[in-house]
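In the form predicted alone, a lone chain appears below as structure tokens.
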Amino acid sequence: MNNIYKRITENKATGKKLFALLIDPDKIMMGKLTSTIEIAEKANVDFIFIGGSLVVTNKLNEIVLHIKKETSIPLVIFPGNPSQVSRYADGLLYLSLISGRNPDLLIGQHVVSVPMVRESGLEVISTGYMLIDGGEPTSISYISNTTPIPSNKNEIAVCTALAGEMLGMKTIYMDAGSGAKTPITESMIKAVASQIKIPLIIGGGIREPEKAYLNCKAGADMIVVGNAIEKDNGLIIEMASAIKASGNVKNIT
């Protein structure tokens, strides 16, 4: 059953904006995880994404099980490599780095991961992943060995997103990367949102609730926040309020 993707598309159709809390297993402390999930529950967070560029702790299953014990919020794996799969989660963003030219991240790692993914029974959501320049090198740009799309090249972002859609991707995820100095511009979000029909996910460098709100107004269907919340999980409620306040705002054309 495709319950996660169905929920995303149904909310897109009605103009409701979604909020995903990103948890990096390498950065979250188990003691802090419980309080973070409690706040996420109060804020009515729509999804919890879990993953990172490295995930060196080897505690992915442990963290996933802990989260599942604490909440019924759908848990989606946001993998940085083929080993980041847990059958205890609810879904998996099957990322293809369509903005880069590294064949390993376009299809190579997917071939390696297929047996594990298929056996997991997770809902698989094929996602065209686009890395956008966030003003300084990020972990994902280094690990992926790819050049991000320049932040002022809206036309490249639009054509890349359209190519992903035409290739059959179910969602487009534009990311400035964890800890990005500058987030993706509303201009680029608006340009892409006005051209594609599939859901648009935006993440990276979003530190202020106002920025999350403006991204939604520009056409984002889902906002993902991680790094800012790692420093202050009290931002979860503020971010959620801003995203929900964007209300039934249709993509601006």
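These figures come from a predicted structure and were not determined experimentally. Heads up: residue numbers just count along the shown sequence, starting at 1.
Heads up, the form predicted in complex with ligand 1GP isn't pictured, but that's what we're talking about next.
The single contact residue among Gly80, Gly91, Gly179, Pro148, judged by any heavy atom lying within 4.5 Å of ligand 1GP in the predicted bound form, is Gly179.
The closest non-hydrogen atom of Met222 lies beyond 4.5 Å of ligand 1GP in the predicted bound form.
Ligand 1GP in the predicted bound form is approached by Asn227, whose closest heavy atom lies within 4.5 angstroms of it. Contact annotation: Ala240 falls outside 4.5 Å of ligand 1GP in the predicted bound form, judged by heavy atom distances.
Ligand 1GP is not shown here, and in the predicted bound form it never comes within 4.5 Å of any heavy atom of Leu18. With the partner omitted here, the stretch from 61 to 69, 34 to 42, 200 to 208, 214 to 222 that lies within 4.5 Å of ligand 1GP by heavy atoms in the predicted bound form is 200 to 208. Shown without its partner, the chain has Tyr173, Asp175 in segment 137 to 176 as residues with a non-hydrogen atom within 4.5 angstroms of ligand 1GP in the predicted bound form.
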